[in-house]
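Quick setup: one chain, the form predicted alone, written in structure tokens, and binding and motion questions come after.
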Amino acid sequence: MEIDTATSRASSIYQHLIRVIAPRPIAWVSTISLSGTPNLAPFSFFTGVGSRPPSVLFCPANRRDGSAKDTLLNILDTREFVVNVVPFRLAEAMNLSSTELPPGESEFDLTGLQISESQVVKPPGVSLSPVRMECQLMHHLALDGGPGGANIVVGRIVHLHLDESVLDSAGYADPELLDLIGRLGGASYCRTTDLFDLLRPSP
């Protein structure tokens, strides 16, 4: 199969991409509106950018009607957000938080998840998430407008919370203890508990 992306429907290209760019880690992003309503939503176009400065990138697409999602609006208003990781035990709550709610309603209320006050930024985190990255907005780039239009958000990590229960003997997060999930195509996910090692070649 050969696909000309210039003439294919964006929705079809999206379905191809989410199946071949996999597995994708999930940024469970919590924000807060100017009126004080906390928001929580998952995004799987997400990655770390680097450690100097410590930074992450995720891509909230526009809604079907072309409007920006609450997550992006809140970030542009407050310039702050928290990236929470998603262990397997929180998969159902994460999925439920993807429900599109009217403005002013909180996914924390919908899911019953407790918030955790952040150390540096105003948006709270998910208390049960073992890793929370408090971020300040560095860059926002709108790649396209309209329905499904892509946005790039880059945040500087200003505080990192690691739960003691997921740390190894050296003080770093252990992938098996984290038991994170990753997004595949359609309704499919995977877990970080199926591991193998490869040693890098010597110079």
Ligand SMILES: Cc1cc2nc3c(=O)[nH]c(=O)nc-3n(C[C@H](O)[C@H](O)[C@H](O)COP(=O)(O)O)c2cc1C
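Bear in mind that the values here come from a model prediction, so they are computed numbers and not experimental data. Residue indices: 1-based, along the sequence shown.
Beyond what is shown, the protein has a form predicted in complex with this ligand; the following relates to that form.
Though the partner is left out of this view, residue 134 does not reach within 4.5 Å of this ligand in the model of the complex, counting heavy atoms only. Residue contact with this ligand in the model of the complex: residue 119 places no heavy atom within 4.5 Å of it. Not displayed here, this ligand is approached by residue 100 to within 4.5 Å at the level of heavy atoms in the model of the complex. Although the partner is absent here, residue 71 is a contact residue: one of its heavy atoms lies within 4.5 angstroms of this ligand in the model of the complex. Only one of the listed residues (49, 167, 59, 158) places a non-hydrogen atom within 4.5 angstroms of this ligand in the model of the complex, and that residue is 59.
Residues within 4.5 angstroms of this ligand in the model of the complex, judged by any non-hydrogen atom, belong to 91-99 and to none of the other stretches in 126-134, 77-85, 91-99, 111-119.
Within 4.5 angstroms of this ligand in the model of the complex, the stretch 33-71 places a non-hydrogen atom from each of 39, 41, 42, 43, 44, 45, 59, 60, 61, 63, 69, 70, 71, taken in sequence order.
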